[in-house]
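Starting off, we have a lone chain in the form predicted on its own, written out as structure tokens.
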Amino acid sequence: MENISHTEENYLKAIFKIAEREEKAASTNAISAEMSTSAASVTDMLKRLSEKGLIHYEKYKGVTLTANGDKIARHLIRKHRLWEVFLVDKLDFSWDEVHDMAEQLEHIQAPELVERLDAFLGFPKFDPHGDPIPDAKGNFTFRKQSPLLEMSIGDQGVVVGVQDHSTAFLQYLDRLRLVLGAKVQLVEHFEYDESVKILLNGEQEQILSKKVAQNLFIQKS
């Protein structure tokens, strides 16, 4: 990982996440949106990463990570998510506060610290937002989950993750008590605007917008 800047690391992580989410090579436009920067800046960075052997980049064909680029991205994601667990579980930050702090902490280059942190936390498999944490070899633990919007009427399950990590969304979920571990049952789909009615924790009915329902991951019971 020598001679790789924090910005370059962030690009590698963004490319990894886009490819994982969209199940295809990351486009320049997708990277631009993910990094909140111009397409021209993205193109310049891709050339630099390609020269360092961290990505495969062909104009108009998208971007994929090389084996080395993939390894770096997974390690960054591992550090980021472990630090989020630490900040929430040990320092009592809320789940909507920790992303930016973890963005800074993930760039610490101290492998022994990361392994001790993992052990100290009890080798967690998922972060406070329900995202899987890669192990020391870069392997993720996956589970069967689906967006609330895709559940059928009568289906029951537990909230295990969120697609949207924005502060506004997480604070909104807190107000609704739709946090990780909450039990939900789908009561009704509304055709007009694709909103849904749920029964929360067996006692309270709530109507959720399509936007909320498609950003909540449920593990069916």
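Here the structure is a predicted model, which means the values were calculated and not measured. Just count from 1 along the sequence shown to find any residue number. Take the two forms, find the largest set of C-alpha atoms that superpose within 1.5 Å, and that set is the rigid core.
What follows is about the form predicted in complex with the DNA, which we do not show.
Residue-level contacts in the model of the complex: of Q156, T66, S166, T43, one residue has a heavy atom within 4.5 Å of the DNA, and it is T43.
The three marked residues, V162, Q171 and R177, fail to reach the DNA in the model of the complex, with no heavy atom of any inside 4.5 Å.
Though the partner is left out of this view, Y192 does not reach within 4.5 Å of the DNA in the model of the complex, counting heavy atoms only. By the criterion of a heavy atom within 4.5 Å, S50 is excluded from the residues contacting the DNA in the model of the complex. Within 4.5 Å of any heavy atom of the DNA in the model of the complex lies no heavy atom of Q219. Among heavy atoms of T28, some come within 4.5 Å of the DNA in the model of the complex. With the partner left out here, the DNA still marks one of 177-185, 29-37, 192-200, 66-74 in the model of the complex; by a 4.5 Å heavy atom cut-off that stretch is 29-37. For the stretch 7-27, the set of residues having any non-hydrogen atom within 4.5 angstroms of the DNA in the model of the complex comprises T7, E8, Y11, S27, in sequence order. After superposing the rigid core, the Cα of L200 is displaced by less than 2 Å between this form and the one not shown. The two forms, fitted on the rigid core, differ between this form and the one not shown by less than 2 Å at the CA of V159.
Superposition of the core reveals a Cα shift of 2 Å or more for A25 between this form and the one not shown.
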